[in-house]
Ligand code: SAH
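In the block that follows, a single chain appears as structure tokens, in the form predicted alone.
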Amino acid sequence: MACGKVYLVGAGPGDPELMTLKAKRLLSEADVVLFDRLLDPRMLEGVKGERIDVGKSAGSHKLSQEGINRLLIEKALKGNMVVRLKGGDPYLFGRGGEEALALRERGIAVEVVPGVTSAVAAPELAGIPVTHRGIASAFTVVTGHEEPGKDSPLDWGAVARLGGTLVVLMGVSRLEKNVGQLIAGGRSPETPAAIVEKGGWADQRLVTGTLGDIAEKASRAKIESPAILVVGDVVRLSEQLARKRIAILRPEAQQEESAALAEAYGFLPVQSPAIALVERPLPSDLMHRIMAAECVAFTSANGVKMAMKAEGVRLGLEKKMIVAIGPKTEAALAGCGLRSEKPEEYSSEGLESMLNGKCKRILFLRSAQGSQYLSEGLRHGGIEVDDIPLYEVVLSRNALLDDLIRHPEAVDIFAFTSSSTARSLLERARELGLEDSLRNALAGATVAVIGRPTAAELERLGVRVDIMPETFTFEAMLRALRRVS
């Protein structure tokens, strides 16, 4: 049987899109893939061969390095094309060299496929260039987690005396000790320092400070592996270059589209669904109430979708004046073949101005928690209002929302798209016993809202509002945030 071949492939810093084209091709062709822990599962999409998790972490080994070497040899000697997928670059503290030597000793062909190293990529993705003209013309990369009993241990005193930027990989568990050795070696405690956790992942976090306080700040933020330490004046550039992290609190069905839009405007989305939608049974007199109204108003695309499930609704609406609150609602109605009108302003005044002389009876088809701000304003203007709740807005209790509440300081912008997103976020924080830390994070972040009712609800809850666009859409909110960021 012909001897196989082993490819030592670098997976890059975390984002599957940062893998090389060659890495993706080899994964799709491999008979066997041995992969590390802390790799995004999407990296293994398209793998048809056998998958073996050989991941190691501090104090917990699925396989020893010797065991991994033996497994690579065993699979290759059976004639397989083997991919050893490693985070970052195989030869930068990845022990790829050891694996290559073990394979060569057995006469097995081995090829290395470089990967984007987190030593450069993680700081870069957090807005920290490791070199910058006039600030740092060199950088040093060291491991923060040396093998015990090593013959030539790292001389932290010598490292401390080096100029330029210092990047320390794999040092979370020994952060306080490593920082202490750098200070003892002569680095000023006032030197800017940062921790980048999960660089290249969707939940990447950045904690900045000084060499003197970074260990305490990282502990307070509950930073976990994988994370790297960056030391040097380049850290200050993150204030200008880091993408702002925006918490998107909309329902899960709207997360993907909203996140893509946020990225297009240069933000780093943090998907955190605060609310979920639960449909209500449509009332038996739905068609009668539609016929009795002169005007029917929809406040969301969700409401359009749910209402159209009832037989005869679309035909019943064809002869009515239809009001759409927002462009998405208008588009949803157009998709059903229905023409609608939009008020210039999403407010009772805007609606009243549009309906003046055209309508005396309006029917709202919307959520059970729909703003009474609109209804009351219209009633004061002499318009008869009927309301059919199509769905309930409930607290999501989504794991992503809980992650946000546990680490709210990692968010720069909170984007509230409705009153219910505001209530739900604070309610869930209260349930988790973390309301105080969330309120502190809100006080230090930018708070953006869509619409006056949402702004009024946040003010009632004691949260300051910073941004409210004139046009009440998510994209208008992003445009307003872009202007001030």
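Quantities reported herein were computed from a predicted structural model and do not represent experimental measurements. Numbers for residues come from their place in the sequence shown, where the first is 1.
Although it is not shown, the form predicted in complex with the ligand is what the next lines describe.
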item: The ligand in the predicted complex reached by all of Ala122, Val196 and Ile228, non-hydrogen atom within 4.5 Å; value: yes
item: In the predicted complex, Tyr391 touching the ligand (heavy atom, 4.5 Å); value: no
item: Distance check, Tyr265 to the ligand in the predicted complex, heavy atom within 4.5 Å; value: no
item: Contact label in the predicted complex: Ser118 to the ligand, heavy atom within 4.5 Å; value: yes
item: Residue contact check: Leu92 to the ligand in the predicted complex, 4.5 Å heavy atom; value: yes
item: Contact assignment for the ligand in the predicted complex, among Val235, Leu206, Leu169, Val83, heavy atom within 4.5 Å; value: Leu169
item: Contacting member of Pro408, Pro251, Pro269, Gly87, with respect to the ligand in the predicted complex [4.5 Å, heavy atom]; value: Gly87
item: Contact stretch among 409-417, 220-228, 322-330, 155-163 - heavy atom within 4.5 Å of the ligand in the predicted complex; value: 220-228
